[in-house]
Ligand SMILES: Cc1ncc(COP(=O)(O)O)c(C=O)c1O
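Below sits a lone chain in structure tokens, taken as the form predicted alone.
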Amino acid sequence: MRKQRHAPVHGLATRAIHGVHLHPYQGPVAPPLVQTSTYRFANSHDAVRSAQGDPDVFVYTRYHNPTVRQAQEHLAEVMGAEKTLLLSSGMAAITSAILAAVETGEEIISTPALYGGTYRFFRDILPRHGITVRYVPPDRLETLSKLVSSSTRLVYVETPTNPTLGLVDLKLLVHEVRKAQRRFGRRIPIMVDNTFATSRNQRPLALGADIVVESATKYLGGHSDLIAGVVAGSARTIAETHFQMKYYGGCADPFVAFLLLRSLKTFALRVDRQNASALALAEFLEHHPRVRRVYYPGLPSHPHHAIARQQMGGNGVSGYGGMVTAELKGGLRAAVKTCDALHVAVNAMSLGGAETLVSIPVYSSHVNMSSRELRQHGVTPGMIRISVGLEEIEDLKRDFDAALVS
């Protein structure tokens, strides 16, 4: 009897390029773009099949679309998830996933350092739904299991954090949450915002998390030309999040899915280059006389470097991400002067693109926060957040050196 051959386990770059279609078949090399709002029925019974949940019947692009579905299949391969859902933005992914998990009268436990949009959603919007958020410091995760109450329905963290690049020890977090679960006899999902690390450098699902959210606008898209978000997890999680998306309307456009499929072909190459350049730029800035402090998980001086070494660098790549934050001597005035004097790096919000982008957190992601809130997030006026791109590293060093001393 002929021995059955097992399919090889392919690397991330291969899966990002081919998705699940690793077999000979006849068709286009580039995925087709199905840019339509609605679909023809073979007959009226198709409407009945759709109402009964048949996934092969397309009705309306707010519900399903072939190009979006293919992007979701690719993303599941990249993120190591059973299923993914593509949405119209990173915030659409975060809000839809949270509202699918938590109801009125329930609570979320989170670490305090978060992307400003997420924090404001927690602060300003969730109370209107009767949902509360309590915070546990990332360096006191051993107290989390005691903080969990009968109302806790979700633990939400971001790692590395925006913009201070702090690390949450996911292994310890999972241990503490599972300990609390045993006390209450029910599962408490762990949701991780993995935008800064990406699945190239950190794999939260493999570390025990239940749900991953990412702004696909950033490294997954990688060209500063699309807005999208992704939720990854079990089929049940994705079905529940899809229900929220369908009625709140945060669906992804087919053309965005088409662009994302294009971007995934170079995802691993881009992130590997950004990892290397970010480390080199961080080392350069750390020794610059105009820089007070550099935040980068790959530096031994980073307070969470040991956690980063254990937690990041999946798939054989010792990568710590493409984000660097520099706190300048001279505070906000020095930060503004430096950003305005750069010629290669671009003074613009967002991150993850081919171009190196700089922004001042107190003017962008953490604008209109009180002094107390800024301290809670570890943000100071003199910080510059740098999204390291694909330019020649020596050009970037010269650019920052000239801008810092101007």
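Because the structure is a prediction, the values reported are computed rather than measured. All residue numbers refer to positions in the sequence shown, first residue = 1.
Omitted here: the form predicted in complex with the ligand. The next part is about that form.
Asks: So if I measure heavy atom distances to the ligand in the predicted bound form, which of the stretches 158-166, 254-262, 104-112, 142-150 falls within 4.5 Å?
Replies: Selected range: 158-166.
Asks: Of 321, 90, 233, 204, which residue is found within 4.5 angstroms of the ligand in the predicted bound form when only non-hydrogen atoms are counted?
Replies: By the 4.5 Å criterion, the partner-contacting residue is 90.
Asks: Just to confirm, with a 4.5 Å cut-off on non-hydrogen atoms, which of 274, 325, 195, 72 contacts the ligand in the predicted bound form?
Replies: None of the other options qualify; the answer is 195.
Asks: Thinking of 218, 228 and 351 as the candidate spot, does the ligand come within 4.5 Å of a heavy atom on all of them in the predicted bound form?
Replies: Judged in the predicted bound form, 218, 228 and 351 all sit within 4.5 Å of the ligand.
Asks: Is the gap between residue 79 and the ligand in the predicted bound form 4.5 Å or less for some heavy atom pair?
Replies: No - in the predicted bound form, heavy atoms of residue 79 and the ligand never come within 4.5 Å of each other.
Asks: Against the ligand in the predicted bound form, would residue 98 count as a contact residue? Criterion: heavy atoms within 4.5 Å.
Replies: Outside the cut-off, so no.
Asks: Residue 94 versus the ligand, in the predicted bound form: is there a non-hydrogen atom within 4.5 Å?
Replies: Close contact exists here: in the predicted bound form, residue 94 approaches the ligand to within 4.5 Å, heavy atoms only.
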